[in-house]
Each structure stands twice: as structure tokens, then as C-alpha cells.
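Below you will find one chain, with nothing else, as C-alpha cells; this is the form predicted alone, and questions on how it binds or moves follow later.
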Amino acid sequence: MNQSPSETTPALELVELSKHFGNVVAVDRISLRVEQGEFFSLLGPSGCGKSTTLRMIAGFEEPTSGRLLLDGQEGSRLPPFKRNTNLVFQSYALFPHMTVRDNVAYGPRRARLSRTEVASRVEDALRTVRMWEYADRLPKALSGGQRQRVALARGLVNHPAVLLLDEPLGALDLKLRREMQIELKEIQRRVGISFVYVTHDQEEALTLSDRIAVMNGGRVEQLGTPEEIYNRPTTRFCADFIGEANLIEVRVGDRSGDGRVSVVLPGGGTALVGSVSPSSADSATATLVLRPSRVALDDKEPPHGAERAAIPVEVRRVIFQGSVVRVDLEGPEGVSLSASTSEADTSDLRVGRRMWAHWAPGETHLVEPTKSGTP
């Protein structure tokens, strides 16, 4: 019988892990599990503690407190070379004077594996990343994407229990980065190794991950699947950081016994909300999260009732963004919101036009209100 993730030994577990640099708390008592074969991302803005967390897992930083378990064994004080992990850097960190083959062979040779085993592992790793035909080239003869594949092969060749990746695609252009995201996910599925991936790119984390830990100020704000974090953020920070979102301050109205919640919109209209985070469960005010792609625009006010929620708006800007057009709007009480639509739908939009912005109540989510002093 297959065991559930909670019954298996995780590839990695952090328990109340902290790191202080003098009086600065870089990582503040974070706890999380990375399951066997899972693609797990640490996502957050610069300075949130994600790279420091990765360096503690790799052994390059010693925790101030807490525990770090690798395959169920205490690893907090082990030196890097004794941990069954490998780290892939954004800068590739390839030896410029060595061929691709020798770069990938460096780790197995240091581990004193036999010549036959080294050759077999190197070929297997390079074929996995589709770089075997470039084995005898120097790094300078490779493109950025090819060098990143070699760095990935070097991380895989020692068969680590956990592969750590520190923004490995950050130096690539947008088109190549998106291509590499798909390829990286396929490689991870094929080799079955747990990946811990650090990024500040929300789209990248949503594309690659089985689960994501959103970090802010050294703490984990939310941990969940990409769908959970995007559709049901638990805090205002997560709602604002993950993708584009309209954040509308509202008053909480009726809370019915069946779990439905209504809110008072700017301008006085009321609307049901689709879901409610625990952070807003007992609050008299809250923040309504509404994705721009869920906002429709119309000249006429939709019928009142549970089917659609609506507020009157005025068009402030129309911005062409390629496959979509963003429309910035101003509503009652100075509220700002955006809608995104296809180019075909915007031929008659103009600045100053008065319209109705409307949406299905089930497509909204309620989180904590703006805290005093929050920008």
C-alpha cells in the first residue's frame, strides 16, 4: 500500500530554523517539509531570507537555532561535503579551463569513484540535460542556456537526495528562461530528485512548483500549491505579491451560517465573496482580492443580485501589453482597479469613458485589511 506524504520520511525538514547576523534576523523560526521527489520553491522579494535558508540547507551558513533534517537525519552541523545535497548557482560557476565533460566529472572524481563509474555518471547526466554532444567543448563556446544545462548536470551527477537551485535561470532572457522552465520541470520529473528552488519570479514559481513557500521578512507567510496560493492567499502580502491583483478595502457585512460572507463595496453596493482567509475571519474590515482577468467591463449596470457584483468606474489608462490589454480604472471613493482583456475587446475604449466593472462573486477572496502604516 502506498504511503501518504505525511507517513513517509521527507527528503528535507526544517524545524524552527533561524539565522541571525548580529542584531539582524535573516530567517525567523521557519518550519517546512520537502517530500521525496517534490519540486519545492522558496519565493519572495529580495531580502526575505530565501537565499540564506538555501545556504543553511547547503551547509554554507550555520543556523543560529533550530533543526535541519536530511532524509530524517540531523544535518544542521554537517559540513557541505558531507551532506547529500548539491547547489546550482545563477552564475553557473563552471571552471572555464575545463571541458564540459571534466566540469561534470569534477564531483565524482573528488568522491574517488572508479573511472568507469565517473564516465557512466557523466554521460548519463549530460544526456539527461541534452548536452552529451557538447562534452568536449569549453564553457566559453556555449550559450547561456547551454551553460545552465551543464551546471544542472554537475548538480545531478552525484545523485543528491536534494538538489538546491539558487535563481538558476535569472541570467537568461525571458524567452529562453520560459523554455528552460519547462525543460527543468521535465528533468526533475524524470530523475525523481527533490528540488528546492529559490526565486523572486512569481510566474516561475507557479510554473515549476508542486508547492511554494512564500517568504517575507524571514518568515513563511504561506505554504501551499500554486493554485492555493494564487486563488486563496492567506495574507494581503501574498495576494499582492503573487501575480497581479486588485486589492479593494471593504467593510464586512453579513456572515451567514452556511459560510457565505457579504461585503460593502466602495460606493455602497454589496456583494458576496467566494472565499475567506483565516486572517479576515473576525474582522469588521477586510481586503477584497480580485484578479484583473476576472473583471469585465460594460456600458450598462448588470442586474443586481447574487450573479454579478459591480461598481461604476471611469477609464484612466489603456495599456497595450501584447496578448492582453490592461485597462486602469477609477471607482467610487478613489478606489483604483485594473481589468485585463484581449485586444479585440478594446477598440471602443477611451480615457474618460464611464463604465461598469463587474465580476462573479465566486471569483473573489477576502484577506486581512491594510494595517496602519502599510503603504
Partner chain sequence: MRAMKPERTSPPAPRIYWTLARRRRTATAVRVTFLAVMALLLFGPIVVLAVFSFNRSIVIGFPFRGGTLEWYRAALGETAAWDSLRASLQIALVVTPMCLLLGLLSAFALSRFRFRLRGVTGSFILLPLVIPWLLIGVSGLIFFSLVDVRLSLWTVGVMHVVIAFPLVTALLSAQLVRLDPHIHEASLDLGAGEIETLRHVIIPLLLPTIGASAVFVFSWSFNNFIVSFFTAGFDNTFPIWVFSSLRRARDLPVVNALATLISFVQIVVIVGVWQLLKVRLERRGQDIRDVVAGA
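Positions refer to the first chain, counted from 1. Since the structure is predicted, the reported quantities are computational estimates derived from the model, not experimental observations. Rigid core here is just the name for the largest C-alpha set that superposes within 1.5 Å across the two forms.
Just so you know, the form predicted together with the partner chain exists too; it's not on screen, but the next bit is about it.
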Can all three of F89, M98 and K140 be found with a heavy atom no more than 4.5 Å from the partner chain in the model of the complex? yes
Contact segment among 196 to 204, 291 to 299, 110 to 118, 182 to 190, judged by heavy atoms lying within 4.5 Å of the partner chain in the model of the complex: 110 to 118
Flag S209 as yes or no: does it have a non-hydrogen atom within 4.5 angstroms of any non-hydrogen atom of the partner chain in the model of the complex? no
When the contact criterion is heavy atoms within 4.5 Å, does R149 count as touching the partner chain in the model of the complex? no
Is F60 close enough to touch the partner chain in the model of the complex, meaning at least one heavy atom pair within 4.5 Å? yes
If you check in the model of the complex, is L94 within 4.5 Å of the partner chain, heavy atoms only? yes
Only one of G217, G269, G144, P80 has a non-hydrogen atom within 4.5 angstroms of the partner chain in the model of the complex; which is it? P80
Though the partner chain is not shown, can you say which of N246, Q222, T85, S280 has a heavy atom within 4.5 Å of it in the model of the complex? T85
Under a superposition restricted to the rigid core, does P96 display a Cα displacement of 2 angstroms or more between this form and the one not shown? yes
